[in-house]
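Below sits a lone chain in structure tokens, taken as the form predicted alone.
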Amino acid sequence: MTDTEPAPAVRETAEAIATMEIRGAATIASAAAEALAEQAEAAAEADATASDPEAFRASLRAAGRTLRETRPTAVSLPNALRYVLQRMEGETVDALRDSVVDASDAFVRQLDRAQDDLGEVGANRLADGDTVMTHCHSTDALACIEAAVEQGKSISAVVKETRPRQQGHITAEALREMGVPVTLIVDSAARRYLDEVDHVVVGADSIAADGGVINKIGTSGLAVNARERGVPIMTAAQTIKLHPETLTGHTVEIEMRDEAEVIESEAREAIGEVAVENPAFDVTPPRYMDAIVTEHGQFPPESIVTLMRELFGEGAAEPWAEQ
């Protein structure tokens, strides 16, 4: 390993995040933090970095860049990198390594507690006998439903399949394991089934300072339909999903994924010359969302900026950047 070459564990984690083998904001953040700890352990043993604190720091920043580049919209990833790398301190390689490993461990422990706390907050918005509609797959949204079930509430679910990758199937399976009755529907049937739903619960890939919710494509349409039908909709999102860069005017990048997820090559050739686009996310304006539920409590979307400033200040550093 050279002084800036990521350790094999970092490259493997980056590949798994990029291919969505590792998915979900909390899972991505945890994996990134753990990969930095593994990078620290490897760098402390490598010939090029074991006795050179600055080379060690450079190797951690390089690992951070490798991880950061995998998913441009997954804001929990840079937030995890910020948490760990900003706590890297010490005058020796051993001290630097220990600070990174300790920060990684602390971050992962906080993540474990955060989802439980968030679930309790979100469960308080659900009543006994409610039917909820879900979109895509969000462990934060599932935590709210699971907490409600554990409180003894009877909950059923209408689950959108969420094309093109059908993450709704994962949600349906998880809900069945909780004992929740599930009706699986195609995405285009959502408006019809909203008449049978008491609450819509979605997750978030990231949340902007104005309260805009960036989530799996189709969330914004569902939110508009829910508002028209008078069905309350909440976003369940740990604070790792807040997007600090938007405090300084940064525009959230919407990831475009491979067209092969939408149409097979044979079918594309049979149709003829067509353009195929596959945006992974859309932005739901805050006026269509009733509440954002976090481990710190629930907030009107327009008020989330207060929590963001409290946690991240007025801007966002990039401790993985080259120096």
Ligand SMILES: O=C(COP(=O)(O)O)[C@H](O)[C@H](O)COP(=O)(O)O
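Quick caveat: nothing in here was measured; it's all calculated off a predicted structure. The first residue of the shown sequence is 1; numbering continues from there.
If you look for the form predicted together with the named molecule, you will not find it shown, but the lines that follow are about it.
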**Asked** Should Phe56 be counted as a contact of the named molecule in the model of the complex, where contact means heavy atoms within 4.5 Å?
**Response** no
Quiz prompt | Non-hydrogen atom contact Gly24 with the named molecule in the model of the complex at 4.5 angstroms | solution = yes
The named molecule contact at Ala204 in the model of the complex, heavy atom, 4.5 Å | yes
Answer for Ser138 alone: is it within 4.5 Å of the named molecule in the model of the complex, judged on heavy atom distances?
-> yes
Partner contact check in the model of the complex: of 24 to 32, 48 to 56, 269 to 277, 284 to 292, the stretch with a heavy atom within 4.5 Å of the named molecule is 24 to 32
Residue within 4.5 Å of the named molecule in the model of the complex by heavy atom, from Leu311, Met20, Ala9, Val305, is Met20
Contact with the named molecule in the model of the complex, heavy atom within 4.5 Å, among Arg71, His199, Arg82, Arg97 goes to Arg71
Original post:
Mind checking whether each of Arg125, Ser156 and Arg176 has a heavy atom within 4.5 Å of the named molecule in the model of the complex?
Top reply: no
Checked 149 to 185 against the named molecule in the model of the complex; residues with a heavy atom within 4.5 Å, sequence order, are Gln167
